[in-house]
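Okay, so here's just one chain, in structure tokens, the form predicted on its own.
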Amino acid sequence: MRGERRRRYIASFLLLAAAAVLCLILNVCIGSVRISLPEMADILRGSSQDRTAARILYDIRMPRALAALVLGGALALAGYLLQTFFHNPIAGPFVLGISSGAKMTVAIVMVFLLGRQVRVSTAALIGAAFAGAMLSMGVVLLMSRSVEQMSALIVAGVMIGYICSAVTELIVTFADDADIVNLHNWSRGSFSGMTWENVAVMSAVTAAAFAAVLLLAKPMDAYMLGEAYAANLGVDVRLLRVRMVLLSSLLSACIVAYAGPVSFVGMAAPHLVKRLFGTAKPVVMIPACFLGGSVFCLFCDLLARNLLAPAEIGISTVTAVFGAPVVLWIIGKRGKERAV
């Protein structure tokens, strides 16, 4: 049995890794200007004479594809942490209003600083998004003390998201016309406009958070069996919950700061990965969720760029098309289980 399970894990990881590499190559090659694999190889070797294709590859497509890979994995990992924290399969940054809170504070910072001709640094955006994510998460945690049913808590999270979105829209009315266009495009969710500097910063933040989450694999395994069981094994449940909240908020903040609010990935990707691997063990699910989220976002970004080219669809529109049916399937499945 252990041998079969190990083979399934290896095969699933290889499948996800291959899908990630394939989607990465397709995102780099396919677009309004097609770049073939031989041309891409020549550009990477530095032997290509086509400077236009080289600039498209290095300055536009590669940073964008790598951003989708990193941020997609971070988003799925944040969703997995929240689902583990709340013991609820449809918990996620978007549903609980965490993404909307981060979006609100980023919009405030952008309108305030851009209106005074001040350049907004990436550190400022991540810090503002983290503050907003923590604010929304704090409200959700306060609500969880007085709400017994998890479904009511999810509704409360949705309402918090609506409030934050309303505040964001109010703030945008005070922005200049040029800033409004930028804020509107960002609020729809997009991986466009990424630079190598952005990729470097988001990769460093995500790698640090990923390593910290991986260190929590054993206590999370015990936590999933019940808080009392985890406490009996010597796990500091309160400290574990604080760490999960901070890490999920940091990952959500990094995503919103760079790509805006991206919906349904944090909810759908962990469940698809769980079905693929046939396990919920954190030591397997943590890297698997990251890979699964990367594949999900790379695939959706490929469609967002090319379905209506040269126009571009908001990434949240595409992720909703593929992610929402997964969430509906989860709800239907839980309903049948309760009926039985």
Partner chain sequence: MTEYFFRTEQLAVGYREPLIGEIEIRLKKGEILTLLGPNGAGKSTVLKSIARQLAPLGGTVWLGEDCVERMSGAALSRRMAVVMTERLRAELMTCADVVATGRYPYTGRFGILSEADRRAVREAMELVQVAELWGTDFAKVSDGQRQRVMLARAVCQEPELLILDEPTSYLDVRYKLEFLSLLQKMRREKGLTVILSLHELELAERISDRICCLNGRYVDRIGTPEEIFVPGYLKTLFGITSGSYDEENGSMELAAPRGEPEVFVIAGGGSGRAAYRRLQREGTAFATGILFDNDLDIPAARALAARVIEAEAFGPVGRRQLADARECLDACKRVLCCRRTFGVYEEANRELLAYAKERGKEMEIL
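In this text the structure is predicted, and so the values were computed from the model without any measurement. Residue numbers count along the first chain shown, from 1.
One more form of this protein exists, namely the form predicted in complex with its partner chain; it is left out here, but the text below deals with it.
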property	result
4.5 Å heavy atom contact, residue 113 to its partner chain in the predicted complex	no
Close approach of residue 226 to its partner chain in the predicted complex, 4.5 Å, heavy atom	yes
Contact flag, residue 34 vs its partner chain in the predicted complex, heavy atom cut 4.5 Å	no
Contact of residue 218 with its partner chain in the predicted complex (heavy atom, 4.5 Å)	yes
Stretch in contact, per heavy atom within 4.5 angstroms of its partner chain in the predicted complex, of 248 to 256, 131 to 139, 154 to 162, 234 to 242	234 to 242
Option touching its partner chain, based on a heavy atom within 4.5 Å in the predicted complex, out of 172, 109, 201, 222	222
Contact assignment for its partner chain in the predicted complex, among 214, 208, 123, 166, heavy atom within 4.5 Å	214
Interface residues of 263 to 283 toward its partner chain, as seen in the predicted complex [heavy atoms, 4.5 Å]	274, 275, 278, 279, 280, 283
